[in-house]
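Only one chain is shown below, in structure tokens, and it's the form predicted alone.
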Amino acid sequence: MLNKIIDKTMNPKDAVQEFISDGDTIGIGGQSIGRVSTLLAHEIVRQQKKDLTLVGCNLSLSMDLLVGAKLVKRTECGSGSFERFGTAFQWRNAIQNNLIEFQDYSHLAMASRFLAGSLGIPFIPTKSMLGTDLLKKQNTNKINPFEIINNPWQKDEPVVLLPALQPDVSIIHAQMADKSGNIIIEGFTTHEPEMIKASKKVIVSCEKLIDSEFVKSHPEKISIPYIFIDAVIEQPLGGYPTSVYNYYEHDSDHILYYQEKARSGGKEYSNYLDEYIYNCKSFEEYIQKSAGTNKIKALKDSMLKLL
């Protein structure tokens, strides 16, 4: 643990401006409608970072917003959905109309690629995807995304070799962090620990900034240590309208509204981006416009009832 605390706290505008560039490969945290890094996705859209490659397991709102804003050239992921609220419609439309490149993997395959990246090895063997059509699909950029070989120590046992993945930068939303970058994730972590360790830079937003003395006294609570983190942003409700365990439930009404606009596309979707991102001076303004104080209180109360 650090004896001298390094302050990595930043505001979202400066963090995105400093650590994300056009053409970057961005690792996306969260899963489906849980703990999505909405705050950071909004800021990337505002700054119009272009030609991005997005990677992760089940990518939902953050990916769909970036694709819908026409900032994405490629995605590599296990799926793109909002669970019971349907698929990521802007992403699906972009694929159907050949507007972006894409490569499908299983969730385990993506997590394994991040693991390989975190270990500094060029590829990793797996049995995931064997027997599926995923291995038959040609990569849209004409580069073979995997190889099938026989286990050298067990004949007639095929394994899939997956290329390691080391994002230029990853974005996640967590429950807590201290200013030096020790991150506490409560509930599911999915692919995030491996993805973060594999990434060249990492930006974390959190619900609550906690004292570093608390972290020193409770090191067992640290999900990701400070050495992997480059920027920390305190933003309550930074995962809204998705849920954040121990803090608030997802907002079904706004997710359904977003899905309606994303499926319609065209002017309706452009108007959504204008109203809820481009014309909002802050994330707090977006929250008030989307939900309001009473709705947010209800979402927090709903989470408390589940605990």
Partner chain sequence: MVTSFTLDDLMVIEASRQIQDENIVLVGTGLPMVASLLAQKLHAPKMCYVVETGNIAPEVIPTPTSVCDPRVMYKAIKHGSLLDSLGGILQRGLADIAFLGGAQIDEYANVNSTSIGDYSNPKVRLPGSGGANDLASHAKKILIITRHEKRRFPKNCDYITSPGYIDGPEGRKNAGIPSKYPDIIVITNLCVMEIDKKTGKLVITKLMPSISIDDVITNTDFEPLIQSSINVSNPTQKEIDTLHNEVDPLGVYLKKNNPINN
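Every value quoted in this text rests on a predicted model; they were computed, and no experiment measured them. Numbering follows the first chain given and starts at 1.
Heads up, the form predicted together with its partner chain isn't pictured, but that's what we're talking about next.
Taking the partner from elsewhere, no residue among 236, 276 and 278 has a non-hydrogen atom within 4.5 angstroms of its partner chain in the model of the complex.
Just one listed stretch, out of 43-51, 64-72, 265-273, 242-250, contacts its partner chain in the model of the complex at the 4.5 Å heavy atom level, and that stretch is 242-250. Its partner chain in the model of the complex is approached by residue 213, whose closest heavy atom lies within 4.5 angstroms of it. Among residues of the shown chain, residue 194 is one whose heavy atoms approach its partner chain to within 4.5 Å in the model of the complex. At a distance threshold of 4.5 angstroms between non-hydrogen atoms, residue 33 is in contact with its partner chain in the model of the complex. Mapping the unseen interface onto this chain, residue 90 falls outside it, with no heavy atom inside 4.5 Å of its partner chain in the model of the complex. Taking a 4.5 Å heavy atom cutoff to its partner chain in the model of the complex, the contacting residues in 197-233 are 197, 198, 199, 200, 213, 215, 216, 219, 222, 223, 225, 226, 227, 228.
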